[in-house]
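A single chain, nothing else alongside it, follows as structure tokens in the form predicted on its own.
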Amino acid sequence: MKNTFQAPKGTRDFMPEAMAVRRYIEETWRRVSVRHGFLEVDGPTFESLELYKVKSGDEIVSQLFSFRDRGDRELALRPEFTPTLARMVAAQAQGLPRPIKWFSIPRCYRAEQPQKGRLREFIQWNVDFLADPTPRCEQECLMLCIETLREFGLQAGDFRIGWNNRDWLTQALTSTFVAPERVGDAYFILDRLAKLDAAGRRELYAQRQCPPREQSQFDLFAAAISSEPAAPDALMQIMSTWPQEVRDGIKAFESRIADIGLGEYCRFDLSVVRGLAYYTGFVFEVLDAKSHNRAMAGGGRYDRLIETFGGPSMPAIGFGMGDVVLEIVLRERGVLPRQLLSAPDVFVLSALPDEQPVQQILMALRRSTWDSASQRVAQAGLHAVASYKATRNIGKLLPEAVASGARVAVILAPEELARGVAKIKNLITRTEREAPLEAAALAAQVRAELQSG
């Protein structure tokens, strides 16, 4: 019967090789997060639909997988982790040690049209730094983001971070050419300028009902955010009209990130405003430097969000990075490790008619020992496998052991069995020796062979 079932559109099956890539990405996120002092958290896969409406408004409903449960409650699969985090912090705010440095690696779901780099089901690394009003939390988030990408093998030429500050930008816009009531339109335009040619800009200006002065200024902004040689001059021309305190703030932040060695990765970028209304100040995006405007990560300050969910007033900053685009970039740069499936330590080969000795040896090799005093594993079990081929010809089984990547093979044969021994073969040096067949003693000899290199 032909299999007519397929994975739902916009989702993925994780076969062993794909699962190894996924675990590599997740473990790298986790390892570097912990190294930077962040603690891991998680929450429900689905939440009250109202939770997402509070953060993003009613229009978010069309982008979610939502449903009613048997109690007629409106629920939704999580499209992101920030609302869950805000709910958790708001409920426990008084008892949490501060600052709060959390990260999570949840599966998320979006009911949108799948395309390259965007799926309906994806895994996202979320990092949040709360209860610290100083610029150091912004710097720590940038530091963590950059060091994680470097841990994956990416360098300054592979990605760039554009940063901005919505408070400063609002002050600059309203003091020059944008009326206060049109700041939202200005952000809408700035968020799209980098993706549009001249004709596209004309259409956007008409859509947002821009007066002629706004149009000419936004054209200058478009020149400043382009990759043309004259872009820095256009940026300087724009910033020369801004209030001095805004220019001083930008210069001071640039100096701080340069002092900690992040200057080559980060630059002030007019086009980075982030589309979500809850951002309150510093914002940033990580862009693929070799694929124009492909975003790899993004985030910023959301100083009023915890309060929105019933918690205390609390400064906060966070960012997210999805696995889909990241994997594409790692593959394109050739930095994704070729062999991520775990190779066994030892491969057991048997020419015996009885399978039971193989099982006894596998059990001894795989068993960990427990230290009751420290309440920890004293010695981890080995990664041990055996051949399932229906042959007793060791010569035919050895290529399987070598292909597995194992460093040591244990060979069981009738001649050695009669003498109460087994062979331990080093698959790297091609040397072999005999060891007692008793399972625990044999396991100890295998460990010694592995440790000898």
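Throughout, we count residues from 1 along the sequence that is shown. Bear in mind that the values here come from a model prediction, so they are computed numbers and not experimental data.
This next part talks about the form predicted in complex with histidyl-adenosine monophosphate (HAM), which is not shown.
Although the partner is absent here, A234 lies well away from histidyl-adenosine monophosphate (HAM) in the predicted complex, with no heavy atom inside 4.5 Å.
By the criterion of a heavy atom within 4.5 Å, G320 is counted among the residues contacting histidyl-adenosine monophosphate (HAM) in the predicted complex.
In the predicted complex, histidyl-adenosine monophosphate (HAM) lies farther than 4.5 Å from every heavy atom of P99.
Interface residue remark: S271 is not counted as part of the site for histidyl-adenosine monophosphate (HAM) in the predicted complex, having no heavy atom within 4.5 Å. Remark: all three candidate residues (T82, R118 and N126) come within 4.5 Å of histidyl-adenosine monophosphate (HAM) in the predicted complex, counting heavy atoms only. Here is the short version: of P344, P106, G298, G162, the single residue with a heavy atom within 4.5 Å of histidyl-adenosine monophosphate (HAM) in the predicted complex is G298.
In summary, among the residues F152, F253, Y265, Y279, the only one with a non-hydrogen atom within 4.5 Å of histidyl-adenosine monophosphate (HAM) in the predicted complex is Y279. Residues of just one listed stretch (378-386, 195-203, 353-361, 311-319) have heavy atoms within 4.5 Å of histidyl-adenosine monophosphate (HAM) in the predicted complex: 311-319. The partner is not shown here, and in the predicted complex the stretch 371-394 never reaches within 4.5 angstroms of histidyl-adenosine monophosphate (HAM) through any heavy atom.
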